[in-house]
Ligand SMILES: NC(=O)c1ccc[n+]([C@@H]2O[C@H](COP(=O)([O-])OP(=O)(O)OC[C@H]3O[C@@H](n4cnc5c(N)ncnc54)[C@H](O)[C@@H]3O)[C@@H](O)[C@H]2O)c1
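Just the one chain here, laid out as structure tokens, in the form predicted alone.
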Amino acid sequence: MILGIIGCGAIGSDIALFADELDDIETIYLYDKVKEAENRLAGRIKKGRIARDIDELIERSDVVFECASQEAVYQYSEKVLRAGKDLVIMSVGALLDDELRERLAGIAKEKRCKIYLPSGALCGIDGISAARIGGLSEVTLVTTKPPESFGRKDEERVVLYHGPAREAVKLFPQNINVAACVSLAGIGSDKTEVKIVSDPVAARIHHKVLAHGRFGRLRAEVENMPNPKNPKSSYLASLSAMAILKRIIDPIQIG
């Protein structure tokens, strides 16, 4: 399999280094607007190749990972899918744009390819998705991070946001992709409630999901270590992308 990675930052680098050790991965094509990032990552992996442009990356890849930004989803995802290539989107928040999501889903269906959305820094997404079938009445996400994850220097606990997921993703696009993932798995971005907290006491990134419905009650919590390459992101977000890659490759599917 030939892998394409758009974005050579923290998550893109983690995926590339992981894929470089997989026997099933033949070549890894890299693309980033920052050429220094491309060169730095290409020098760290054996199978790395720098794509001449985004068109070459798409043409040569079997699966493309978007690891750049919501802007990159708008710029490149449609082109990837129209080429009939599977796409993994890390910047899930972009898909709370209903028009964009429906358009991409239509293209993927037409071209018979898949759009994968990793669970990111969260657990319990499989339960939310299953519970939706039986009927979900309420879903709440509480995210607590150290102030530096938000680029802040708070000396006391501060609630930065409390409201629907759709607005949370707009206000915190680099910090709260988990809200988008929970929304898409469950009752939607306008009904999913999100609270975002900056807490100087927090040593880790904490996510708590609460859900109620006909199935019963769900409570899932995870405390993540920040990605050492980027404190705005959890290391588990990178691991969830690696798990998606393994899922694409492996013949046995779990969950």
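So that there is no doubt, residue numbering starts at 1 and follows the sequence shown. Since we're looking at a predicted model, the values are computed, not measured.
The form predicted in complex with this ligand exists for this protein as well; it is not shown, and the discussion that follows is about that form.
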{"property": "C67, A211, I196, I58 - the one with a heavy atom within 4.5 Å of this ligand in the predicted complex", "result": "C67"}
{"property": "Contact residue in the predicted complex, chosen from R44, R217, K191, K33 - any heavy atom within 4.5 Å of this ligand", "result": "K33"}
{"property": "Stretch in contact in the predicted complex with this ligand, which is absent here, among 133 to 141, 149 to 157, 84 to 92, 100 to 108 (heavy atoms within 4.5 Å)", "result": "84 to 92"}
{"property": "A10, heavy atom within 4.5 angstroms of this ligand in the predicted complex", "result": "yes"}
{"property": "Interface membership of A37, this ligand in the predicted complex, 4.5 Å heavy atom rule", "result": "yes"}
{"property": "4.5 angstroms heavy atom contact with this ligand in the predicted complex for Y76", "result": "yes"}
{"property": "Partner contact for E71 in the predicted complex: this ligand, 4.5 angstroms, heavy atom", "result": "yes"}
{"property": "Residues in 115 to 129 close to this ligand in the predicted complex, defined by a heavy atom within 4.5 Å, in order", "result": "G120, A121"}
